[in-house]
Structures are given as C-alpha cells and as structure tokens.
Ligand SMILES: Cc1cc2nc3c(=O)[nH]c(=O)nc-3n(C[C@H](O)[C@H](O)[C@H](O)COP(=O)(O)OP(=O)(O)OC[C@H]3O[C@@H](n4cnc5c(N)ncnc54)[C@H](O)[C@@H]3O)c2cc1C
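Have a look below at one chain only, the form predicted alone, in structure tokens format.
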Amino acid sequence: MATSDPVPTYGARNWCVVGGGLLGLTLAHRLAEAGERVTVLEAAPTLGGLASAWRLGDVIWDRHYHVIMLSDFYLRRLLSELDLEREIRWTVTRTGFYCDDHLYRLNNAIDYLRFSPLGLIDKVRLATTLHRMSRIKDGRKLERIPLTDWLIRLSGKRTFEKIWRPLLRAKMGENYAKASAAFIWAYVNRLYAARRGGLKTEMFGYVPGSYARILERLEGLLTGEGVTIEAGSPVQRIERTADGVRVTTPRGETDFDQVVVTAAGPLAARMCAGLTADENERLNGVLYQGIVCASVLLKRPLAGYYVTYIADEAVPFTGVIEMSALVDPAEHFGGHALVYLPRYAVAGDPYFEMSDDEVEERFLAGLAKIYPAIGRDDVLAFRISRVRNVYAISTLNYSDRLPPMTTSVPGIHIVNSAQIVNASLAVNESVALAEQAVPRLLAHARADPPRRVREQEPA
C-alpha cells in the first residue's frame, strides 16, 4: 500500500484566536497543547462571552443562566482538566408552565394528565410528538421540513395553537415561521438528554462559584501554557499580507501565521478582508436570535421551579429561570433568590432600545402577573444584559449554506456558534465545536508554512 510523504513541520506557529468566550478559550487551550503559540483577543474587558459573570447586588454569578447536564461530555471533560468536574453538584429540578393565567406543575405523568389546557387526545398527540423527537438521532433530514408544518402534523392544530406557537414565538419571535423542524428537535433533544440514562426526572448541575470560577481556572491554565490573553482588544480588521495575517486593534497591528475568528457571522464578515462574495453572503445570511435577559435578586423564592415556560403573549419574557431552585441560595446568594427573566428577541425588537428603567418596569409587571405576591419591595437588585447575536436559527436547508471553517484567504479561519448544526446552543456544544475544529485547523495550517519559514526558502 502506498504511503503519502510525511507532512513537513516547521515548529510552533503564531496563532491569534479572536474571541474570549468558552469556544475561543477552548480553541486556545487545544492549540497550545499541540505546541502552538497562541494569543487570545477579546473585545470585552472580561473573558467568557455569553458565559461571563457579573455582580448583582452583593452576589457574583453568571450574566445568563447555565446548567450542566449529565450528558455534557465535552464540558465535563474540560472541567475535569480544570479539577472542577468532581465538584459539580447535581440537583433534581422541577418544571412549571404558565398558561391561561394559571401556573401549572409539570414534573411527572400525573401532572401531565392534570394539565387542563389540553384535552386527552391533545395530550396523547403531544406526548407522542416528544417521544418521536427523542428517538431521532440525526436531525439533518428535518432541515428540509418547515417547523410549523411538522408540529401541526404531529401534534395537531389545537396543540400547536395552545402550546407550540406561544413557546416558539417566545423563543424566536416571528422567526419561527422561517425555522426548520431541526430547530425544535435539537431543543427538545437537549432538554430530554438527562432522562436518557433511565432517570425519570431532570437532573442538572452547577460548579460552586459559577462560571466566574470556571473562567478563572481556565485563564490560569492558559497562562501556564504560555497563551497570551488580551481583554479589551476589539479587532477592527484582519487581512492577509506578505508578512502573514495582520490583525488590527486600537492598540496597533500584529502579524500572525494563522487567525481563528469566533465572532458571529456578520461580525466576522466585517472583520475579515478579502473574502469572496459567496463567503460574505453565507456569513451575513445566518439568521441570529438575540436576547434581553434580566437578572433579579429577590428577598424570597418564587415557586421553586427551576424553569417555568410561559405560554402567554402578554408576559414580556420567555420564561422564568429560578436559579436558586438549583443552586444553594444560602451558600451562594446570601439566602436570597436569583431569578432570570429572558426575552429572546429578533433584530429590531424594541426591548433592545428601551431604557433599563422601562425594561425593569415591564418585566416586574410581568413577574407580578405570574406571582402576585411578589412586590417591588421584594426586589433587591435588577440588571439587564442585551446580546443581539446569541444563537443561529436552523432555517430550511441550513447545513447547505453554512460558511466553511477555513476561508479562501490563506491563514484566516472562522469557527463560530453558527456551525453548531442540529444541536441547541449550550456551553457543551461550544466546547465540542472547538474540540472538533482544532484537528482541521492544524491540518490546514500545515499546508501554509509560517512566514519565517517562507522567508528562509530559496527563491
């Protein structure tokens, strides 16, 4: 059997990873492990991206809500490397559902049978729909099917109007009409992942200290591996030159051998010079969903449900995430309750432009609609996060229009969350994407020798 010539190696290359979220930091870690020299540039003053932490009153916790699942293999392996996996605390959680001005408990079959908004036949069809979703292993074929058509066919018109449509509009706004069936399959698939091992209830986990502690440990690991981290360094331009790939920030210009951009598609398109028209069209064509998410510190708990789904368009947020139903409030929240109120928003949503005071007023009014006993004097702190590009919606034939990881410009690569195909966006999937991308990035880099080697080659 013929063997290929060995690939020449030229020692370590200089890599730049643009973006200091969990995706970019995992890429940097694996590249450094492979012996490469790595610099991470992050526009924000702190690392973490969507997983970053902040202060809410006297509490430091995640800016957006996150949980760890038993099935999160890639994230748990990374946490093991950080000596944190053994510290994960697992909790059996409860689920609520708000519909028709009533808060329902949905934790088991008995709760489901008592769920009055649906009739018996509707419940059977909905249960059958969820069971069918859980048995599908690959959602690629579902990309060809409109989401609305699929759900109506499986669950029926009444169930779609009563349950699915309010939930889809809360999660995607009017973008749900553009989504494929793969979107809801991926979302439900992750929610039911905790039950595949035979569990009858949802079990979620967290690391004491939240992602603030995870990021601090990861930053220390990267520094020990020789990775240079520069926060507060927004990238303005990336272009190929005779000296390699030049990255321009407000601090100046630096040349690298290889650059990996982890920013959302439209941002990456604006940064990277020299891309083809097709590449720009693919990057700008990704349909992103944004979020306006409030963190609320309350004097007392709500109903003890980790997540409450909202099927009421009069409520301005998607759901209620009671983090203190998962995390020990006495240890981490000063005995108080930490609640997230997320509103998943399309581009142009007025909540992006509203003042913090107006968002607070509307959100707290919505919270009081669900929990009338909660008043303004129960609110200890309220803080709002706005992010316009959170996750990509799986539109029809989504995989066929994905931008490639390695661009037509030598040395410039784009690895971002839009390439998480047929899976819901979560930290585990971001880490998994990084793990899968690094071997491909290294293989392409071998065909593009470092500039110092090219300079030494005979003319």
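For every residue, the number given is its place in the sequence shown, counted from 1. Only a predicted model underlies this, so the values are computations on that prediction, with no experimental measurement involved.
As for the form predicted in complex with the ligand, it is not shown, yet the points below apply to it.
Considering the ligand in the predicted complex, the lone stretch of 309-317, 160-168, 231-239, 119-127 in range is 231-239 [heavy atom distance within 4.5 Å]. Looking at Glu36, you'd find every heavy atom of it more than 4.5 angstroms from the ligand in the predicted complex. In the predicted complex, none of the heavy atoms of Ala303 sits within 4.5 Å of a heavy atom of the ligand. Looking at Arg30, you'd find every heavy atom of it more than 4.5 angstroms from the ligand in the predicted complex.
Although the partner is absent here, Trp54 lies well away from the ligand in the predicted complex, with no heavy atom inside 4.5 Å. With the partner omitted from this view, the residue of Leu402, Met405, Val59, Ala43 that lies near the ligand in the predicted complex is Ala43 [heavy atom within 4.5 Å].
Checking Val67, Ala432, Ile412, Ile393 for any heavy atom within 4.5 Å of the ligand in the predicted complex turns up a single hit: Val67.
In the predicted complex, the residues of 244-276 lying within 4.5 Å of the ligand by at least one heavy atom are, in order, Thr262, Ala263, Leu267, Met271.
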